[in-house]
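Read the single chain below, which is given as structure tokens and is the form predicted on its own.
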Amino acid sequence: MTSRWRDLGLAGLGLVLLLLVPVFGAPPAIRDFIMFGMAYGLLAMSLNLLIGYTGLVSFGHAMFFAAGAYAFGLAMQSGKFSIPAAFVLAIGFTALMALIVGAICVRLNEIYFAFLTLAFQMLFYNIILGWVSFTGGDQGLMGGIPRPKFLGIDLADRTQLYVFCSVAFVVCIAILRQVVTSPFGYTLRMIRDNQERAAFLGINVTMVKLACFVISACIAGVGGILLTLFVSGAYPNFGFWTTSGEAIFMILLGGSNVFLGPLAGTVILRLLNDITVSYTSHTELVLGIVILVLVLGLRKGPLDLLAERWENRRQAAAQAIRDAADKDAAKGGS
């Protein structure tokens, strides 16, 4: 079985496990935690396509998270679109926005790219705040998000909403997996490791970066749509710089070199927030200490560390087998 079919099989297994949660009667709090995690997980996973695979650190990725949320919410509040049509419209709007922003940003590298994305995010955030008649300003989209039935699916029902979000989440993760394991994904790694060599080999570095930027933005937009459906609204903090910071923390907490590392970081961050809020109001202090431990102690995400140790053991075992084979060959020759 090829790696592609194996990955699709694992995605199907993951979907089955998610769908078993309501079947076994998990309390609503658990399902809400999972849906919240799926939305922010897509934000972190999409950002890692830029950071971990392309070497582009974006401080403004939450603008696409908010773009998907607001575009979907406004389309549904207009009453002119079905949920699938609004879903496609929101992704299209996010892709167009990413194409415009990315065409400017991807020509720069390192810190210049990072701060330019932050500047665009703050511009978008201030548009949300200032255009009160359209976006609701700092109050967000009030009045809820209509959820008319489509194809017999009623998203007003929390169980059906959970199933819908689970399917959308797994499809996006499968798409990201196919991207990073495709020749395009290895081209991204080449650009990350040595951009000059990639250009020397004839790769249009700017266009590849732009394509990655748009794909990443669209996945983040889907995360925003799922969160909008979950909370029945869209709010300015979706596009604030702290949301981008949280996504970077998620990547640090899980690891950027393992595909599902950012998703693990999302779960860790949400658990840290929920646990610390139960006992203290100093959540930022606790999170800061955890980040310090990771940066100064491990110097990488937990999954990165586990993957590295697994690879070292695998290589050691392979070397031991080769050494044993060489000894046997030497004895046979003598």
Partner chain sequence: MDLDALLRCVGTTSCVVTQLTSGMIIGMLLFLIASGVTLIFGVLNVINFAHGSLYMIGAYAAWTFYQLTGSYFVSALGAAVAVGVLGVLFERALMSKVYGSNVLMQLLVCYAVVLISDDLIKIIWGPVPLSMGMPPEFRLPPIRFMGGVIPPFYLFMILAAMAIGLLLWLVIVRTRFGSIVRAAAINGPMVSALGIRVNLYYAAVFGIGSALAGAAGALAAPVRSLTPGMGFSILIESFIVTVIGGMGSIVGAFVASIIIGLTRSFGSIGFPLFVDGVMFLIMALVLIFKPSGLFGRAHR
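Positions refer to the first chain, counted from 1. Just so it is clear, the structure is predicted and the values come from calculations on it, not from any experiment. The term rigid core refers to the most C-alpha atoms you can superpose between the two forms while keeping them within 1.5 Å.
One more form of this protein exists, namely the form predicted together with the partner chain; it is left out here, but the text below deals with it.
When the partner chain is considered in the predicted complex, residue 84 lies well away from it, no heavy atom lying within 4.5 Å.
Taking the partner from elsewhere, residue 112 is found to have a heavy atom lying within 4.5 Å of the partner chain in the predicted complex. Within this chain, residue 249 lines the site of the partner chain in the predicted complex, having a heavy atom no more than 4.5 Å away. With a 4.5 Å cutoff on heavy atoms, residue 284 counts as touching the partner chain in the predicted complex.
Stretch 100-108 is the contacting one of 204-212, 260-268, 100-108, 219-227, since its residues have non-hydrogen atoms within 4.5 Å of the partner chain in the predicted complex. Taking 242, 78, 181, 159 one by one, only a single residue has any non-hydrogen atom within 4.5 Å of the partner chain in the predicted complex, and it is 242. Note on the partner interface in the predicted complex: the residue among 26, 289, 306, 277 having a heavy atom within 4.5 angstroms of the partner chain is 289. Looking at 55-86, the residues that come within 4.5 Å of the partner chain in the predicted complex, counting any heavy atom, are 57, 59.
Remark: with the core as the superposition reference, the CA shift of residue 271 between the shown form and the other one stays below 2 Å.
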